[in-house]
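Take a look at this one chain, the form predicted alone, written out in structure tokens.
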């Protein structure tokens, strides 16, 4: 770059001519033009001088003893490498074949003898401009190459950080399949999956406007919010509200995130779906019948928190049903004719698939057949979730790392949720957080959340709202159940749910006592089949019955008081290696 701004500086010029007189004349002319001149009497000397002096321009006689000008030109060009050194042959040759050999040897031009001062000066200046332009382009190329290397290095570092935050979660679960084809090191498509503390899964698939690094910037806070809240038991609607509020605050105008949240409950056999701006989802029933799940909301990051609607659609499902969600890259996949795959392509792929073929494979095969050798024009992500029997899944594994901090061990707290708050707020994450302050309970977060969730949901839906679980046995009743749930939550003045938590230490570990009271009328627990007969219900399995069985299995004791609206459970945890009272009784 220094040379590009020093066009008028004296040039270093190497001349090689076996004629002493011609060499002296040329040397004198060039010196009078202000240049520094090195001269040689043959090609061999010229090559040696070039190596020592690195001249800017070389003037070579074509015919010289020891080494002619053409061989010297080849060696000088080789020594120059990528540096442009104009090479002008000094010759009286006129045959076309001889001149062509000079050019083939690396010559750039000719200078005829006898020398003309005006022509010499013009050619020197012209080739110097060309040389400086080449040098400038080479410098800019090197700068761009270095900056591109730095950019890729920074993206690699950013991707490692991103991968640590946006880890795969439970994307490797047997009932999840996904395909992602990023256009750059990391892109604007995101796909997260997390098991819920009490079982089931939470999945988020998103597509930020644009792609590449700028689009991926917003993915970092989304990943942190998703995994942080999912592990604490927040439901999908709460996570969506938090993500929308965050993106609304940090994203520039015109940038947003199309996304879908899927909350799968394998115990209740239901899916809850929120779709804001992504292509419609597809639910492929176990019978093979496809069902469209339309997108009903605006993308995340557009509406203010007060305007944002996080209500999720509730859909009944059975084991074997498969959900397909995708980003718009799937629909916008194009072929050589300029056509796009579109929703028609999805339907065509599903309808033409063989009965044993997984819908995920059918769509992927359909896109590949349609696009042929065309590359992906956009980030492309496709995800499939299969509903399975809850027995195939367990609560969160005990993966919370031990803490060196000593938490509270003897404490008691009462937390009451009243009236409209019952419909707007879930106290479960807060209650779980309080319990997790006890070091010995942290490894049992899944069981604790399950106990709290069963108590709260039974108190709310069957206690306060008096919803019969039998309605969920049919598809019509399923819709009626949730419609009635929404309606009754709108008129719950005077109602409450109260939790009383008490933790104490024991020689072998600790004991958490949880009392859940609600303002509902209660139920006839004296004649409930589960409570009367033990672990085997005498009637067909009902949600309420299954919930009670779960409480009995996880806790030391379950006791109902008053009219059945006052439930007390005792949960014991033990130091590693200690034997529980229940195990000790079995062993004796």
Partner chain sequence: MPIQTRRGEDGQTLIISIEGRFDFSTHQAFRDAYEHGDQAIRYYIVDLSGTTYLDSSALGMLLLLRDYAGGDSARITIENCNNDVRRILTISNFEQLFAIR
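Residue numbers count along the first chain shown, from 1. No experiment lies behind these values; they were computed from the predicted model shown.
There is another form of the same protein, the form predicted in complex with its partner chain; it is not shown, and what comes next is about it.
Note on contacts: among 71, 313, 343, 389, the single residue with a heavy atom within 4.5 Å of its partner chain in the predicted bound form is 343.
Of the candidates 503, 444, 196, 297, 297 is the one whose heavy atoms come within 4.5 Å of its partner chain in the predicted bound form; the others do not.
If you check its partner chain in the predicted bound form, you find a heavy atom from every one of 253, 278 and 302 within 4.5 Å. Contact annotation for residue 307: at least one heavy atom lies within 4.5 Å of its partner chain in the predicted bound form. Its partner chain in the predicted bound form comes within 4.5 Å of a heavy atom belonging to residue 209.
Partner proximity in the predicted bound form, defined as non-hydrogen atoms within 4.5 angstroms of its partner chain, places exactly one of 260-268, 289-297, 429-437, 488-496 at the interface: 289-297.
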